[in-house]
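The chain below stands alone, shown as structure tokens; this is the form predicted alone.
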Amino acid sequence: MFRALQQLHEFATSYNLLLLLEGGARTLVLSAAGCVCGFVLGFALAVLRHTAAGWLLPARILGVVYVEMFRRIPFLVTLFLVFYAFQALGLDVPVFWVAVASTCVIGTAYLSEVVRAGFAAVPRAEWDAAATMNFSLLQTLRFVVVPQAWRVVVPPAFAFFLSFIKDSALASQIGVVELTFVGKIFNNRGLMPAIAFGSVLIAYFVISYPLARLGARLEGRLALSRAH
């Protein structure tokens, strides 16, 4: 008990707190970058899969293969695949950007399915009505589909963002100094695991809990909007 109190006193330094804040910021930026990039590319991929042009058939097939493959490959494996791909290409890229690229790859695959499910939730009659009015695909999405689909898309997309905050801990395996890596640094400096990783646990909670409450509140408002 005395040793724990002594180490708590040793832990509470400005350097350690700044290191913890830096790790938390990297965790949040890594997750947000992957989700924003994944949402943009995933939306484009979902739109591509709704096209009917024959010349786009190879692209649609590649899109389906991409989504099905990367939704089933563990994030850690994707990290190593991207890491060694950069090395094979002779590109000297910092490990943080390797992790960002990996989160974009995974985020695109998962969020593409989220957006596609939102499109599918719009009744077929709405699509047919837009076609009857000679709307193009982009006009149909802009004026008919997206205003209805976003209520279905936002809650699971937000939940994916929250889960990605936890999954980003795997980036420590390639040397990214995020929260989990910071916990390893504390532990290697002789701090008790309960203090080293307990501080990381608290940091994850401080990041995730407000976002989870925001997501629940947003989901409640969207549910009320659908009911109206």
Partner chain sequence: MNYTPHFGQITRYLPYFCGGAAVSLLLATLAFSGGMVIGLLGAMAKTSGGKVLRRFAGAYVTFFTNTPALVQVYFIYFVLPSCGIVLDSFDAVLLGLTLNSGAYLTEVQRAGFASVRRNEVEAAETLGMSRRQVVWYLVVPHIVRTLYPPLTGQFILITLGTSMGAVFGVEELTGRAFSVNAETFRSIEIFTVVGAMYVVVTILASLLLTIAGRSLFRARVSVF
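Residue numbers count along the first chain shown, from 1. Being a predicted model, the structure only gives us computed values, none of them experimental.
Beyond what is shown, the protein has a form predicted together with the partner chain; the following relates to that form.
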So in the predicted bound form, does any heavy atom of P193 sit within 4.5 Å of the partner chain?
yes
Answer yes if any heavy atom of V47 is within 4.5 Å of a heavy atom of the partner chain in the predicted bound form; otherwise answer no.
no
Can any non-hydrogen atom of S208 be found within 4.5 angstroms of the partner chain in the predicted bound form?
yes
Does the partner chain get within 4.5 angstroms of any non-hydrogen atom of L30 in the predicted bound form?
no
Check F39, A121 and F161: does every one of them have a heavy atom within 4.5 Å of the partner chain in the predicted bound form?
no
Which residues, if any, of 122 to 145 lie within 4.5 Å of the partner chain in the predicted bound form when only heavy atoms count?
none
